[in-house]
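In structure tokens, one chain follows: the form predicted on its own.
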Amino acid sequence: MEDLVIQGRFILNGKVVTGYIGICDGKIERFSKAPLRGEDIIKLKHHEILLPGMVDVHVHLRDFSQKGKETVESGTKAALHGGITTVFDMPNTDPPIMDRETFRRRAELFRRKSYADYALGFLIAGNCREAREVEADFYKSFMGASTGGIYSRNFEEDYSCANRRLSVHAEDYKLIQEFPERPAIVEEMAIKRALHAAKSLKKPLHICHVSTAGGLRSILDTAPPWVSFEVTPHHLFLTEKDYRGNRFLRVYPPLRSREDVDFLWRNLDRIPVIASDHAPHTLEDKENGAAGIPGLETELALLLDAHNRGLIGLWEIVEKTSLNPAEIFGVRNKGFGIGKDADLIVVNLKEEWVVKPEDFYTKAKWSPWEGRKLKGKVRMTLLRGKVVMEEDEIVGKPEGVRINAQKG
């Protein structure tokens, strides 16, 4: 007898099936068309479907001296609320995670405060010796200044220091000085440089928030197989026209032209990962020009709404937000299969709701989509077989654990 049985529709290997999922000791034990016996049973309702929890590989959770923007507690609650069960914590914090002691402090903070499972990042910018002293779950490098202002002055050297996959913010620091509004060439030239380094070093690389047609074209045409990349919802659903006159939509890299956005959509089948780049700021910070958009609690909802409009398949969403991120970053216990962690979300595909940031768990009580009606909503989130969010309410205490990432 299973600890928990979930009965209803779920998506498996690209197909929507109706049946039962048996869960024991926090793991998926079996899929069955025949009824299963369990100590507890969750029966899905009409229009509800079970999906694997999301693995968001690009999340800024602030904390440390920036608790007013976000904390590990508020941010991981927001993640569960949005259907995200694993977050990758970006290390450009204040202070930045660039030495063994700060990394240790970050690990202890997550151990005590995280409601979601998590991966810990380490920032590399001229600190190779320190980078080799820690075993981070992933590494991060900025080719040009972004939030925090720290960037890599010798990207190739810093890239060579990473013990695991390096996530790179690809904007050229010299071109930023020449073109502070960061037009497409700033990203495109940085991506070309990153790809050249990847071919030379033959080390795993992940290119963050690709936003331009030229940048994506370079990746699709020339990237070696050990290079992965992501796009964000805001670069898929907003354009530079939305940004004009609205400082709250300042983000790095910037929102792009309609032609760029259309190119991303035309090549969506070749984009392996969608990640939020959740970047919370206070309203005052945004008024003063801070770059970043909060996204944990709208990422999946926007994709479900796009699915309802025929823009993206449900299996595509599962692949790009859960299965591919787990595989690319070597997180063997995440995904959706026998023996995997029972990180699951129940979504109502037909429920319509209005985005109200005041109801979010993130401390960033604003959103580009405020007042927007979306179709598709997360109703329940399970982490390792335990219900942790139901009907917009976080259930239980912080029990997130650090992922078991493999090298590569």
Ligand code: DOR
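One rule holds for the numbers: they count along the sequence shown, beginning at 1. Remember, it's a predicted structure, so these values are computed and weren't measured experimentally.
A second form of this protein, the form predicted in complex with the named molecule, is not displayed here; the remarks below concern that form.
Per the 4.5 Å heavy atom criterion, the named molecule in the model of the complex is contacted by stretch 274-282, the sole one of 217-225, 97-105, 183-191, 274-282.
A single residue from the set Thr212, Asn92, Ser114, Ser152 has any heavy atom within 4.5 angstroms of the named molecule in the model of the complex; that residue is Asn92. The contact residue chosen from Pro204, Pro233, Gly292, Gly82 relative to the named molecule in the model of the complex is Gly292, the criterion being a non-hydrogen atom within 4.5 angstroms. Contact check for Ala301: every heavy atom lies farther than 4.5 Å from the named molecule in the model of the complex. In the model of the complex, the named molecule lies within 4.5 Å of some heavy atom of His169. Although the partner is absent from this view, Tyr252 contacts the named molecule in the model of the complex, with a non-hydrogen atom inside 4.5 angstroms.
In the model of the complex, no heavy atom of Tyr118 sits within 4.5 Å of the named molecule. Looking at 49-76, the residues that come within 4.5 Å of the named molecule in the model of the complex, counting any heavy atom, are His60, Arg62.
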